[in-house]
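As a starting point, one isolated chain is supplied in structure tokens, in the form predicted alone.
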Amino acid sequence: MFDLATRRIIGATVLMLTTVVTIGMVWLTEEQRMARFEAMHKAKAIENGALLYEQYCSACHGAEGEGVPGRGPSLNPGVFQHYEQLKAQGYPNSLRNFIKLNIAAGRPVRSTYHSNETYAELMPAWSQDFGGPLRPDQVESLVEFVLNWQTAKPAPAPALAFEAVGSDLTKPLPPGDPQRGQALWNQEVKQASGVAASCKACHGLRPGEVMVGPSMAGMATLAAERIRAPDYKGQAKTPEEYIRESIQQPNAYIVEPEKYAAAPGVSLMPATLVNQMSAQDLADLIAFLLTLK
């Protein structure tokens, strides 16, 4: 039998060998383990980014990044195409940093992907580092979500196989459903074109809430007052007609033009939004707004 000292030496040797083998096994599998961890982290970031995108970005860029005329350009595939154009002109930054910079700091000048595109609002800064509401980790999640589109098929263009209501105020409207109108406002359902209504991106529903445009709180009462205002030059005779005119022909009467005009006589609200909604969509939105008294 081994004496106590010998047993201790053997035990220490076995322990050391076990430790070395364990460390070796961990080292051999570390790359795979880290790859799995990074994949899980990226998947979680994409999931978080999807929720943030729906909340902050979809109203202007579309649910699938397809873009919203008059509100925001295509990101899927528009942002990738635009980056390739910039890269060909010598832009030195990576795609990831290009997307991150646009989200974090916004686009402070009125530039677009294509010369024929115009939007009512500049891209705001979203990162807290630039005065926005999002933490750095939330910005990173949005970047991951947008980058994820690069490996997927581009979003289809908005469906146009429907009759847009357009700007014609004489076009008959069907009876409106205020509940569906509220669902359209809240983006719980989409318009007949397949594009989500962008109302809540610019208008709040709480009294005094000023976003891009004025609050819609009490709109039924306000509409009745505005058609009697001395400076009103529109055609509406009833609150319903006033709301309809404001949506279909937003330049007919601009409330507080010093705040809500993009240029003299031009409302911040794009006149092209009615090209995305059907007569039923419009009727339902009007019916909902008439419940706000």
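Rigid core here is just the name for the largest C-alpha set that superposes within 1.5 Å across the two forms. Residues carry their position along the shown sequence, with the first being 1. Remember, predicted model here, so these are calculated numbers, not experimental data.
A second form of this protein, the form predicted in complex with a small molecule, is not displayed here; the remarks below concern that form.
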**OP:** Identify which of 147, 222, 105, 192 has a heavy atom within 4.5 Å of the small molecule in the model of the complex; exactly one of them does.
**Re:** 222
Original post:
Which listed residue (164, 173, 123, 169) meets the criterion of a heavy atom within 4.5 Å of the small molecule in the model of the complex?
Top reply: 123
**OP:** Flag residue 205 as yes or no: does it have a non-hydrogen atom within 4.5 angstroms of any non-hydrogen atom of the small molecule in the model of the complex?
**Re:** no
Original post:
Does the small molecule come within 4.5 Å of any heavy atom of residue 48 in the model of the complex?
Top reply: no
Original post:
Just to confirm, residue 250 within 4.5 Å of the small molecule in the model of the complex by heavy atoms?
Top reply: yes
Original post:
in the model of the complex, does residue 82 have a heavy atom within 4.5 Å of the small molecule?
Top reply: yes
Original post:
After the core is overlaid between the shown form and the other one, has the C-alpha of residue 244 moved by 2 angstroms or more?
Top reply: no
Original post:
Does residue 168 move its CA by 2 angstroms or more between the shown form and the other one when the core is aligned?
Top reply: no
Original post:
Hey, does residue 177 budge by 2 Å or more at the Cα between the shown form and the other one once the core is superposed?
Top reply: no
**OP:** Kindly indicate if, in the model of the complex, the C-alpha atoms of residue 56 and residue 215 are closer or farther apart than in the structure shown, bearing in mind the change is 3 Å or more.
**Re:** farther
**OP:** Say whether the C-alpha atoms of residue 242 and residue 59 sit closer together or farther apart in the model of the complex than in the form shown here, given that their separation changes by 3 Å or more.
**Re:** farther
